[in-house]
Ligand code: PSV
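Taking the form predicted alone, here's one chain by itself in structure tokens.
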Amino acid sequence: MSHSLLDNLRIELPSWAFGNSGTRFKVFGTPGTPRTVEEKIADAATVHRFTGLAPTVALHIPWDRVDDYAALGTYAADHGVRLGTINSNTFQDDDYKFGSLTHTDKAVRQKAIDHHLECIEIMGATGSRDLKIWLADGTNYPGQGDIRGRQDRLAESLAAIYQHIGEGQRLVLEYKFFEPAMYMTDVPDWGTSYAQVSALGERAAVCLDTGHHAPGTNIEFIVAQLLRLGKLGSFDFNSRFYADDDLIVGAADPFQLFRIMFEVIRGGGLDESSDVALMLDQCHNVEAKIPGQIRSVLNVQEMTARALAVDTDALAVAQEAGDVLGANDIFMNAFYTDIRPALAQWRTERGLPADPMAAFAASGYQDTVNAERVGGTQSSWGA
């Protein structure tokens, strides 16, 4: 296991993971849920304090809009973390019922563009590098919209946004093969995202959400290809059994997470010079939120450590020799290695608790916030 690369692992936390979430039918409330973005940041900082893996917090606009972003950045720094990616939102206003950046009405498209320009201004105030765009735009029925025309309008809108992306900043475009649009999504796959960002320029890249693929998709192939092309900007980590389940990363298929992280490492995604950003994007509907985030970053770390345990020299020899089973054995032996004792030692050497989940449970933090966060409006979808 390479400690040097493992030390480079940084996983951004999403502010919204600490708010209430739910299914299509119910948003569930839980004691201690943050009521403000500051309380979300405090919870995210708690995850970092127990794991040492999550030094930044992503914001969602307008959910996390404040009057003074410099003050919010100071608040985050005082809690030992920094503000990270700024995520836009063009999927909740009534105006966006039939699209945002792809809408047929130029006024609606301009409203969506202006929202992203506001996000870029916020990036300037927070020192954030990435503007992440995920679009709900699409259609439900054949013939409902002009597929090619929507791509043209998307390209035009993205270009209008991209010209405001400054030096040291990036636009990352996420894709999702369906939902909420059921027939055709305007950015359904990595190829569409790649085509759109490639037309924009060097400061535009693809965001890969691990839950946004059809069943059976070889996600690690996409990772390898985008890294090869120099266009993998960021990850949104979660897990899925059926569709975009937004479950704890690695919950459904730890082996898939291992395979993904192997390709991240193979493609230089954990190198000191890498621009690839790793972030969680998942909801905690029935489980507690803070330990859910702790478990998630630990899962990524464990599968990264297992991927680092692959004997790549021996693997290359087996691959060159056409030793099918031998190569597979080398790969699987690393996956089956119990790396947890070594990770406990890794944490202890860095002044972190050997068992972050147990340490958090014993800390009393959850009981404290449960008692303190009474009254007000709990954060949820849209706040």
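Please read all numbers here as calculations on a predicted model, not as lab measurements. Throughout, we count residues from 1 along the sequence that is shown.
In what follows, reference is made to the form predicted together with the named molecule, a form of this protein that is not presented.
**Q** Decide if the three candidate residues 85, 130 and 170 all line the named molecule in the model of the complex, where lining means a heavy atom within 4.5 Å.
**A** Not one of the three qualifies.
**Q** Could you spot which one of 284, 212, 116, 306 gets a heavy atom to within 4.5 Å of the named molecule in the model of the complex?
**A** The option sitting close enough to the partner is 212.
**Q** Can you pick out, from 63, 331, 346, 69, the residue that has a heavy atom within 4.5 Å of the named molecule in the model of the complex?
**A** Among 63, 331, 346, 69, a heavy atom within 4.5 Å of the named molecule in the model of the complex occurs only for 63.
**Q** What stretch, of 255 to 263, 287 to 295, 102 to 110, 85 to 93, brings heavy atoms to within 4.5 Å of the named molecule in the model of the complex?
**A** Looking at the partner contacts, the answer comes out as 85 to 93.
**Q** Does at least one non-hydrogen atom of residue 16 fall within 4.5 angstroms of the named molecule in the model of the complex?
**A** Judged by the heavy-atom cut-off of 4.5 Å, residue 16 is in contact with the named molecule in the model of the complex.
**Q** Using a 4.5 Å heavy atom cut-off, state whether residue 236 contacts the named molecule in the model of the complex.
**A** Yes - in the model of the complex, heavy atoms of residue 236 and the named molecule come within 4.5 Å of each other.
**Q** Hey, in the model of the complex, does residue 220 get a heavy atom within 4.5 angstroms of the named molecule?
**A** No, no contact at 4.5 Å.
**Q** With a 4.5 Å heavy atom cut-off, would you call residue 302 a contact of the named molecule in the model of the complex?
**A** No.
**Q** Given a 4.5 Å distance limit between heavy atoms, list every residue of 337 to 360 close to the named molecule in the model of the complex, or none if there are none.
**A** Counting only heavy atoms within 4.5 Å of the named molecule in the model of the complex, no residue of 337 to 360 makes contact.
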